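The chain below stands alone, shown as structure tokens; this is the form predicted on its own.
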Amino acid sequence: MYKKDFLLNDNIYLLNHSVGRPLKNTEQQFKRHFMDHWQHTSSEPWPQWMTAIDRYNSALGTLFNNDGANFCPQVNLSSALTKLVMSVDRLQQPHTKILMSEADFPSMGFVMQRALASTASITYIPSQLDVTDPNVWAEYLNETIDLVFISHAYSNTGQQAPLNDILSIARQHQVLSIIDVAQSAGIMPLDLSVTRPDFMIGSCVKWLCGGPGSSYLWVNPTQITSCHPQDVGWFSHQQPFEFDIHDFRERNSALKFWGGTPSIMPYVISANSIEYFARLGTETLRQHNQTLLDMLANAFPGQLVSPQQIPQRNGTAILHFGAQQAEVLSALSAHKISVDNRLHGMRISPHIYNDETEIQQLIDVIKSV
């Protein structure tokens, strides 16, 4: 029933871990909230643009059950993480210690290596360890760590982190926390009024179907006053349109991280898609996704290299067929079934616009090989 809402071609699209398909009304929304002003008025567009940003932050607040004022638009996750790390005095000390996993998206590691002091150290949980196991995190997470970086979902392994367990351990040792929801936002429920990290970063290009250029950071209100961003601009100012070069007063909200002149178009598009998925509810999306992943797990239990159990898996199934992997991928491509392949295997990520018939087609093609 949801297929009618999305721009879908005649293929079966299962690459939502990479880029989600746009809504059909995206062009209409873009015209209404961005282009119409140019076509019908002669005034400057900033008031309308500011309203569009407010809509974006409000939509994120609805999706994550939190005040939209605690969110700040960002161009991508790397920029968001850089701004956060460089804003906290504790993370700029000579012997700062960071904990993250080798399974994290490489860009996040690149940021840590450059945004911290040269004498800081990063401990990586080895990739061969099970990041779904709270005991693995407990072994590495102690009072010597200043910040733990947690990916809610791991794109190349199909795993999800035991988020609440890790945050509990972090709070016990007074360790700051940042969670990365790029691979989970829109498909794995997260209530920020209950789950309370110190910081969160995410994007809209994947399950939220909002396209590139639309990311965000979230700051726990208890951390706002301790953050002093270095990468600032006129939109970080309490009164952006005041224009006094001698008087910079940073905002007292997450928007202090905003920076210079922002993009508007990506947030117009993403606000629309976030609102769509927030109305559906992430629990509904998760249940549908997991039903389709169960079909794959039951069809190929010996080839499933991502977690079998729902509490340990994210929105992606990963299959590996050994020496026949290339042949399987070729057959799927010939039948216009879109998946991709990484180190651990073939990644398959069904969304709300995919259905059981499509997954059964994929299963039949693989079994024919």
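The shown structure was predicted, so the numbers you read here are calculated from the model rather than taken from an experiment. Residue numbers here begin at 1 and follow the sequence given.
Not pictured, yet referred to below: the form predicted together with a small molecule.
> Applying a 4.5 Å heavy atom distance criterion, does F105 contact the small molecule in the predicted complex?
F105: yes, in contact with the small molecule in the predicted complex.
> Is Q183 close enough to touch the small molecule in the predicted complex, meaning at least one heavy atom pair within 4.5 Å?
Yes, Q183 is a contact residue.
> Are any of the heavy atoms in T284 no more than 4.5 Å from a heavy atom of the small molecule in the predicted complex?
Heavy-atom contact with the small molecule at 4.5 Å: absent for T284.
> Do K206 and the small molecule come within 4.5 Å of each other in the predicted complex, heavy atoms counted?
So K206 counts as contacting the small molecule.
> Would you mind picking out the stretch of 292 to 300, 243 to 251, 74 to 82, 165 to 173 that comes within 4.5 angstroms of the small molecule in the predicted complex, counting non-hydrogen atoms?
Heavy-atom contact with the partner occurs in 74 to 82.
> Tell me, which of A153, V268, L147, V219 has a heavy atom within 4.5 angstroms of the small molecule in the predicted complex?
Contact check passes for A153.
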